[in-house]
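What follows is a single chain, given as structure tokens, in the form predicted on its own.
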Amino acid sequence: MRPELGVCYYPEHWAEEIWAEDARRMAETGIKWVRIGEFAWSRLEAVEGVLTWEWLDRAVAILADAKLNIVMGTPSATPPKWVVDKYPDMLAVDIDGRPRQFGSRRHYCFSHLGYRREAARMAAAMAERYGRHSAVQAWQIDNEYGCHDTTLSYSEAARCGFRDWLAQKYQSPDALNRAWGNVFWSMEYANFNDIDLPNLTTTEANPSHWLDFRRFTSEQVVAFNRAQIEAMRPHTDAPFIHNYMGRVLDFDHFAVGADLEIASWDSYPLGALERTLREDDDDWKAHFARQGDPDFQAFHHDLYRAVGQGRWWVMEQQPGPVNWAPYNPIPLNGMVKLWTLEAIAHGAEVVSYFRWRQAPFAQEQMHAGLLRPDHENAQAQIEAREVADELAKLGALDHKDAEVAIVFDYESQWAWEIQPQGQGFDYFRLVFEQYRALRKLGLNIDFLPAQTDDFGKRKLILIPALMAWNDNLRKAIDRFDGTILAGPRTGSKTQNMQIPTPLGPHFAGAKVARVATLRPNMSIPLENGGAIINWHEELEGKDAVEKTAEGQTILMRDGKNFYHFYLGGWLDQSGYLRILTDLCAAQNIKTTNMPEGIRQRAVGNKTLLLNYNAFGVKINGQKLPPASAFWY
């Protein structure tokens, strides 16, 4: 695979006289792909049924003349006002019962069938027009599902759809009542039409009710995405893509990805540092304020590589300060290049920058681009050109499965949002902290969906906080001869989100008798170093491998299968590093203790060494300047 660069472009934002010059400069920068069209509905169809293609035809022709490949976006994330007037009940409703309004973007409810048909109609019209154009080499469906908290909607369309979904799943109210345990608090239903959405209740709604609503909502995203693809398939052979986001977990990306050829995501390291990671750690944020967290981007590269079954892009790479985070610093010189090379080392086919030129108007005018608003090159353009030169010398990269993988489960994310049991428990954070420890050990990491039935030739599998077992995953475990580390909370619920009998986890001979959640200023030391934080389980069973300083079992090994381990707690980094080092050594997996802010990614016979620090570091005989990446 020979990776390439791309950029997001909005010809409708600029005078047509500069389009050709823009295309020429893109090509000179080393850009090969250009994404257009995903927000242009009002310019394509200002009045219902009156389609105005001519301007987009000319833009496509200009980009094609410059030998640029085009990713054409469907514009369903920004329905024009006439669409909202046609379907006034298409607007999503928030958890407090307030409808969203027109005047921004993503103002629709996934469950609204009328809007779903409208979006599919527009997508089909675009595919009919451009589906066989030689320059249109890929399609992006919609834009950033879930952005702005728009996956969950409590509209009348969602209410009606949810009732129908429940009727199809359970067939009878009695079956639903048993599955949900509705005898509790006299919540039993006599008719599916009596069931409301789980918001606006006096206190918490039944967690089984919530979980089914989350499943239903995720399936609406899948259906919305699929409707456009099915409408477009007859008119194009180009691959379909969606651009997911960082730490947006409201729907199952694996399920959406099953209808797509390529996964992509939008990588904003500095904005993510401020909004989604270590919210209470100001020192950490200050240290990496101009570089981003050393593991957040890599985590999503690896996750979306799994979602795309090996094919994935970065559709939007941060090029400079953004406009939407609490604080928006300028990246250190070199970071745009580092972020790009890191994505490529993780298998990205294309890294596309957002955007070509900074907009001088509207909501994103403070969001940097490769060009400044005055058309001058920004620092990111200089670094993109450097990456293009480096890629020309680098050649093809050989990507292979990692020796270590983490099982990732969206339903477990929803389940532990619904019933965290303590403020400190967050599924994403737990998985991320285990991923961070593996990265600190210098390892490549893969992700696998919870429905996988085969772990391949990997040697170590981590299964953190899996709500409930499924038959496929059990098959994968049965045929695997490597090491498996499960827990905490794994197997602690049934598929209906009830406590199983006998008690879980049903793995490694362990039984969880009681659980405790710990305050942020509390921890439980381990006898050999490290500590339990956030979540602690009292385990029953015979084969203890690790205990707390007070003698309580925290890590157990199966008495029959010595490669199955259960960890009954959330550990700090020192605890994870020590235990994971031992598990890797038992499988002959080579580990390297990486200094703070230094990471690596092996690709075939090459390794990319990355310095996320704002200061230089000497490692492996190489002096790494601040904010730099080096192949060896």
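These numbers come from a predicted model, not from an experiment. We number the residues from 1 along the sequence you see.
Unshown form predicted in complex with a further copy of the same chain; subsequent notes refer to it.
Only one of the listed residues (519, 399, 475, 117) places a non-hydrogen atom within 4.5 angstroms of a further copy of the same chain in the predicted bound form, and that residue is 519. Proximity to a further copy of the same chain in the predicted bound form, defined as a heavy atom within 4.5 Å, holds among 154, 299, 180, 356 only for 180. In the predicted bound form, a further copy of the same chain lies within 4.5 Å of some heavy atom of residue 419. With a 4.5 Å cutoff on heavy atoms, residue 561 does not count as touching a further copy of the same chain in the predicted bound form; it lies far away. For residue 251, no non-hydrogen atom is located within 4.5 Å of a further copy of the same chain in the predicted bound form, even though that partner is not displayed. Mapping the unseen interface onto this chain, residue 309 falls outside it, with no heavy atom inside 4.5 Å of a further copy of the same chain in the predicted bound form. The candidate stretches are 568-576, 596-604, 57-65, 40-48, and the one lying within 4.5 Å of a further copy of the same chain in the predicted bound form by heavy atoms is 40-48. The partner is not shown here, and in the predicted bound form the stretch 587-607 never reaches within 4.5 angstroms of a further copy of the same chain through any heavy atom.
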